[in-house]
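Here you get one chain, nothing else, as structure tokens; it is the form predicted alone.
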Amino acid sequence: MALLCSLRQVGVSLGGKTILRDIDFDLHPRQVIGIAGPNGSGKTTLVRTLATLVRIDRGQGTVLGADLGTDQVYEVRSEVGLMGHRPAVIPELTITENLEHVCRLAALELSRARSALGVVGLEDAARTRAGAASHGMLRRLEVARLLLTRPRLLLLDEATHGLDSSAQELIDALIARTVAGGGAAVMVSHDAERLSTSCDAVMGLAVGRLVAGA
């Protein structure tokens, strides 16, 4: 079965500073890989590289069959779901309006927005402006977004940090659904225990270098 992601000797520099060095990484369908490492080690840059949002400087890589560093990445971005440090929401819109915006972009019926809110327990907050919502509410909103878009590649950058157990269970269910559908997930977390229990394998990132068996 074809790899969903493959990086070979990939390097990334930002602002004249080398962030990632000689990265080799493979992600197979139905696999969940954890990435651990201290602040500043390059974890977020690696995730954004896999999300096709950061251009590589050296090496070769493919994500969902698209060659990194080429315009092919625009063809697969709709199949990549990223939950980063900061929730990807429009603060001026309500929670419902944010999801309806996602529906329009994905050519989905607007009614699916309210259904997704019900799944993540945000019915009572539907009219809350995203800019006034709590961290937990925004994380639930992002889970609802990813439930709607059904990505093949799920990238979670400290997605469970500061969440209650019920919200963490929603993210676990999202990962399980993605994997069951033939997709895969990459989890970045400071919580080594969570990575060890949630992932098929855990890798470490330090000073921009990726090593197995962290």
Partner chain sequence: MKRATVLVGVAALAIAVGLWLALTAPADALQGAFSRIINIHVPSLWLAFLAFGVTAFGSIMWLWKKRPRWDRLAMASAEVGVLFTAIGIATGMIWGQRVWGTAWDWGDPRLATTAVMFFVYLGYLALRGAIDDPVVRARRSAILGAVAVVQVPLVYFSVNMFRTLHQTQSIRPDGSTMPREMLVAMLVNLAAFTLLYVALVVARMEVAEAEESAAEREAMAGAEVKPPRLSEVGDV
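Residue numbers count along the first chain shown, from 1. No experiment lies behind these values; they were computed from the predicted model shown.
One more form of this protein, predicted in complex with the partner chain, exists but is not displayed; see below.
Undergrad: Using a 4.5 Å heavy atom cut-off, state whether residue 211 contacts the partner chain in the model of the complex.
TA: Flag for residue 211 set to no.
Undergrad: Since only the chain is shown here, I'm wondering whether residue 9 would be in contact with the partner chain in the model of the complex (any heavy atom pair within 4.5 Å).
TA: Close contact is absent here: in the model of the complex, residue 9 is far from the partner chain, nothing within 4.5 Å, heavy atoms only.
Undergrad: Would you check, heavy atoms only and a 4.5 Å threshold, whether residue 150 touches the partner chain in the model of the complex?
TA: No - in the model of the complex, heavy atoms of residue 150 and the partner chain never come within 4.5 Å of each other.
Undergrad: Mark residue 21 yes when one of its heavy atoms lies within 4.5 Å of a heavy atom of the partner chain in the model of the complex, and no otherwise.
TA: Yes, residue 21 lies within 4.5 Å of the partner chain in the model of the complex.
Undergrad: Looking at 161, 177, 28, 55 here, can you tell me which has any non-hydrogen atom within 4.5 angstroms of the partner chain in the model of the complex?
TA: Of 161, 177, 28, 55, the residue with a heavy atom within 4.5 Å of the partner chain in the model of the complex is 55.
Undergrad: Are there residues in 159 to 189 with a heavy atom within 4.5 Å of the partner chain in the model of the complex, and which are they, in order?
TA: If the 4.5 Å heavy-atom criterion is applied to the partner chain in the model of the complex, 159 to 189 yields nothing.
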